[in-house]
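Next up is one chain by itself, shown in structure tokens, the form predicted on its own.
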């Protein structure tokens, strides 16, 4: 998510790593300045950050530790503007959220992602299709809601978005929904007609939150638009969309500093699960290459059933992990979203994350081949992998439309994974795994 910025910070830190004089600090600061400007951070934000890091590092004593500590604390000051974090529910349901943004910002898909995020946390969510400006908006919402089993309120006969919003709120109250997300109209540019429409819906619904969806790819334009929307509507949060495609990453720093509105979520992929909390401390940790185990744990907790996990651990201990278990785990993994982002959350592996291409667990050729092989097995073979002899493998290969070599390779990988799972399922195994990870610590060498 912040790959280029993280690499830039590493380079700057290396300038001061083996020296502790003014010359080394100047080199580190110059490198940092160039990197931040290249990452599309506003020049005023860069100037203030560089000045503060220089003063604090000199005061504490020039050296890598103090430079790193100052950089970290100043990044946190910029991103932590106060206010709410993540999703905050109203005291009385439904929590009403107005989703706003310019046309093409990813507002509609972000609305679906937020609904999916809440659904995974056992909340009942209704989406209101109030974007009547863009012809395909309602149809897009219908398809996305159907794909992800989300509830949608729309009225093809109604031409006034205000009436749709009011009726959706009525339905949300009567249906005992926890949350109502209102997908509003956008424009290619900000105009009075758009703002009048949004303000009329705001007045009618008295929303608990007004989120602005900012397109990360537009850089400083996203910052300027967020500032204007905040002036007109009094935003309570910003969601950054399309962050997976942003090679710069500085827009987060710019929006936080220049709007004073808290960043609440960030979109890191195209799929419904690809939405993450924006918690300043966690984001700074990832910026510094230190990972984010808190977010990783939070994401995995939404898809893990404790009883099932306990049962699976017992099967692993006994060496009874089978193909049904394997497919169940792969289906769960799909709900976690972007693999590249997940790897980047693990301390010490942020560098590896930058080398991983986005893997679509659902549509990758490997995943399709695995599903075809397992589907070609009998129920008994799926439950007892040890039954797979050469004649059975030939039959499976033929049924899956693959070569026997591919089937052999997959089964070998499965058997190796089952052995590793068995090894690490016990108490001693977990200790071994922790000691294996123990040296990873922080992302940058200290």
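Remember, predicted model here, so these are calculated numbers, not experimental data. Positions refer to the first chain, counted from 1.
Another form exists, predicted together with a small molecule; not displayed. Remarks below refer to it.
If you check the small molecule in the predicted complex, you find no heavy atom from any of 66, 72 and 285 within 4.5 Å.
Although the partner is absent from this view, residue 82 stays clear of the small molecule in the predicted complex, with no non-hydrogen atom inside 4.5 angstroms. When contacts are judged by a 4.5 Å heavy atom cut-off, residue 104 counts as touching the small molecule in the predicted complex. Mapping the unseen interface onto this chain, residue 269 counts among the residues with a heavy atom inside 4.5 Å of the small molecule in the predicted complex. At a distance threshold of 4.5 angstroms between non-hydrogen atoms, residue 242 is in contact with the small molecule in the predicted complex. None of 232, 134, 171, 202 but one reaches within 4.5 angstroms of the small molecule in the predicted complex through a heavy atom, and that residue is 134.
In summary, among the residues 167, 313, 376, 140, the only one with a non-hydrogen atom within 4.5 Å of the small molecule in the predicted complex is 140. The stretch from 96-104, 118-126, 368-376, 193-201 that comes within 4.5 Å of the small molecule in the predicted complex, counting heavy atoms only, is 96-104.
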